[in-house]
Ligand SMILES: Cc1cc2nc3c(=O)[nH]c(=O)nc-3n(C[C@H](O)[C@H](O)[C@H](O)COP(=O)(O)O)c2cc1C
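Here's a solo chain for you in C-alpha cells, the form predicted alone.
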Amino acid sequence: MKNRFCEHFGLTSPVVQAPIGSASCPELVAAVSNAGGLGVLSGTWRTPSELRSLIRKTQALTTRPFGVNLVLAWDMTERVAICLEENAKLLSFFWGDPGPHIPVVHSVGGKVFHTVGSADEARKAADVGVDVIVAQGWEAGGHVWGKVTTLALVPRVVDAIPELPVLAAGGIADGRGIAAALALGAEAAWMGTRFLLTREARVHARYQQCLQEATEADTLYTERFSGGWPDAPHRVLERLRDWEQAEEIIAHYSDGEAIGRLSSNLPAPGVTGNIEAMCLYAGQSVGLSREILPAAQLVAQLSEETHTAVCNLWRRQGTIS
C-alpha cells in the first residue's frame, strides 16, 4: 500500500491498531507493527513507571514504529516527557487540546496524531501543528468524541485538511471497510474492536466470547460507565439490560481488589465475577468480528481483504461499463 502515511511510517498495510485501553500491551502492539501495520500502546491509565516499563518492553519486541496514546482529559505532561525520554516519539492524543504538547514533541523529531469528531476540529488541529488526524465516527467503540458517522465525517475531514494524512476510525472491522475508508480519502484505518479479538489482546476470555456473539445491533452509546471518567460518552455491548440492578461490587481483580458497578474498566484476564455486568467496550462493527487470531495473522488478512475488495470493485465497474 503506497500513500504518504504508509510510506512515511514504513507501513506495508494501511492498518492502525487503536489503543483499546488496558487491552493494549507490548505483545499486541509489537505484533501489529512487526506485521507491517502500526501498533498503539495506551499510556493514560498506567503509572509513570508502568508506562516507562511498557515502552521498553515494546521496544524489545519490535524495531518498527509504534505509537503511545494519551487522553488529554488529564494532565499528561509527565507521561509525554517519559515517552520522549524513552525514544517513543509517535504520540497520539485524544479528548483535549494537543497544542501545548506539540512543540516539545516536534523538538525531538516526533510526530503528533490527534483524534477529532468534525472537520472544524480537524482544521484547528492542523493549524496548531498536528501531523496526522484521526477522524473518529460515532460508530466507534470505547469512548466516542463526536456524533457524526464515519461515512459522513471522513470525506469532510479529508477536504478540510488536504495537507495532512487522515485515518478513518469507527465501524471498520474488515478489508471492505478499509477499502471504503481509502475511497473516502483516508490513508489508513484506525481499528479497535477487531483487535480485541486477537490472542495478544489483554482481555478476559468471556469478554472475547461476548464480542464473538454480538451483532451490529447489540451496542449502546451511553455515559453509563462513568466511574473514573465522567462526562465521557462511550459505546459498549448491551449484555445486561439493567445495570442498575447489578450488585454494588460486581467483580474482583486477581489480586482481590474490588470492581464496582459501572466502573469504566474493561475486564482483564484473571478478573472473577459478573463479567457481563462490566464495561464491555465495542463498536458497531462488532458483528463482523468472529474469529480470534494472532495479531500478525489478522494484519495480513486485513491487507488481503482490502486488496480483494478493491479488485472486486474494479471488476464490477468493468462489468457495468
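Because the structure is a prediction, the values reported are computed rather than measured. We number the residues from 1 along the sequence you see.
In what follows, reference is made to the form predicted together with the named molecule, a form of this protein that is not presented.
Taking heavy atoms only, is Ala251 within 4.5 angstroms of the named molecule in the model of the complex?
No, no contact at 4.5 Å.
In the model of the complex, is there a heavy atom of the named molecule that lies within 4.5 Å of any heavy atom of Ala186, even though the partner is absent here?
No, Ala186 stays farther than 4.5 Å from the named molecule in the model of the complex.
Considering non-hydrogen atoms and a 4.5 Å limit, does the named molecule approach Ala169 in the model of the complex?
Ala169: contacts the named molecule in the model of the complex.
Any non-hydrogen atom of Gly142 within 4.5 angstroms of the named molecule in the model of the complex
Yes, Gly142 is a contact residue.
Are Pro19, Tyr207 and Leu266 jointly within 4.5 Å of the named molecule in the model of the complex, each by at least one heavy atom?
Checked in the model of the complex: all three residues contact the named molecule.
Could you tell me which stretch in 252-260, 58-66, 279-287, 31-39 has residues with non-hydrogen atoms within 4.5 Å of the named molecule in the model of the complex?
Every other range fails; the passing one is 279-287.
Can you tell me which bits of 183-222 touch the named molecule in the model of the complex, meaning any heavy atom within 4.5 Å?
If the 4.5 Å heavy-atom criterion is applied to the named molecule in the model of the complex, 183-222 yields Trp190, Met191, Gly192, Thr193, Leu196, Tyr207.
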